[in-house]
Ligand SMILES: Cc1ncc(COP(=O)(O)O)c(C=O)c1O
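Encoded as structure tokens, the following chain is the form predicted on its own, with no partner shown.
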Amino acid sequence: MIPFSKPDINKQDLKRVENTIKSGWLAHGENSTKLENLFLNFTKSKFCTTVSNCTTGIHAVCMAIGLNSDHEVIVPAQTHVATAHAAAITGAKIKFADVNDLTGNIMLSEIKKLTTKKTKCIIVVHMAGYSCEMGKIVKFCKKNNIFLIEDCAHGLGTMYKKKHVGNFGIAGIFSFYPTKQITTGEGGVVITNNRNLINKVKIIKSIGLNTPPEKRKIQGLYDVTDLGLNYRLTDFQAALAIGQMIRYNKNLKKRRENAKYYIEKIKKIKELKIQNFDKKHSYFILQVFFKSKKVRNKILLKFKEQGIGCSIHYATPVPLMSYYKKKYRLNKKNFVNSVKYGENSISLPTHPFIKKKMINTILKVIEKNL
């Protein structure tokens, strides 16, 4: 077996979780604060708060900026459906932008086509950890008074012009799902450089309560100042992530080494297409592209036969999934690049437990079946 993902969890991490559970303080604890501080130090953002997952984090930010049924939100067609759902649940209309067929990232040219007077927000996704062209997008959003949210589910460690992703828009949201670089099972964080926004998100994620338990002078005495939901991360989940976050620079270094090795080998195979190596990329996974869907699917079946973990990010563009396709009467001709990206790509594992010998095995299976 070659696993697609493997969490970087050791005995010390498990002991920290055990101690937290034994303490009886399972939420609003010191582990959450410590994890937030580690994240601030890593991303160089001013403010951070943990959330129950990346989707709820995006939704909380969408609520905080006041999205409603009078607004339109532009999202990339190539992303996890959660990106669109988190905004759609506010009542806003979702408009899908086609992506670059190699990076899978939203393009400013497509954003411009979709922007109207009702456009309140753009959500960009740093696909597979490859940064969007943030300079151009930030400039456009500022000029048109549009909120910019960054879905950084794949982007822990991704830099754009010496600045960590998540620091360009009103907020950046990260994921701690099991396959991600750091995991708490389910979980995530919201980072921002806007004090008002973080204060609003903290209230929204805590059912609208204006004062968390640890800050109340008299327990049980609080007010509800906003509409909110329970989007909090438990303290024992945060405890699991602390060690992973402390070790993440080593994790990231190994991911980049693995990606570089893959790319050097894949560049020699004329039937394959791949991005150039980029030391600013987080390499959550590595995308390799085949000449056709038929060849790609053949390789997927061979991988399954031989116990090689892989995935597709994402096989079906969001606007072509039944819910959105029917709701907005969408046609795939408007998402040519997104369709191509989903049909021809395979996501290969890059995590720090992958060895060169495993990479060679993966590439042998590919070459043999092209």
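Predicted model only: the values in this text are computed from it and were never measured. Counting begins at 1, following the sequence as shown.
Just so you know, the form predicted in complex with this ligand exists too; it's not on screen, but the next bit is about it.
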query: Stretch in contact in the model of the complex with this ligand, which is absent here, among 82 to 90, 203 to 211, 112 to 120, 287 to 295 (heavy atoms within 4.5 Å); finding: 82 to 90
query: Contacting member of G169, G129, G104, G187, with respect to this ligand in the model of the complex [4.5 Å, heavy atom]; finding: G187
query: Residue among N344, S32, T55, T43 with a heavy atom within 4.5 Å of this ligand in the model of the complex; finding: T55
query: Interface membership of I137, this ligand in the model of the complex, 4.5 Å heavy atom rule; finding: no
query: Contact label in the model of the complex: S175 to this ligand, heavy atom within 4.5 Å; finding: yes
query: Heavy atom of H154 within 4.5 Å of this ligand in the model of the complex; finding: yes
query: Interface membership of R256, this ligand in the model of the complex, 4.5 Å heavy atom rule; finding: no
query: This ligand in the model of the complex - contacting residues of 216 to 243, heavy atom within 4.5 Å; finding: none
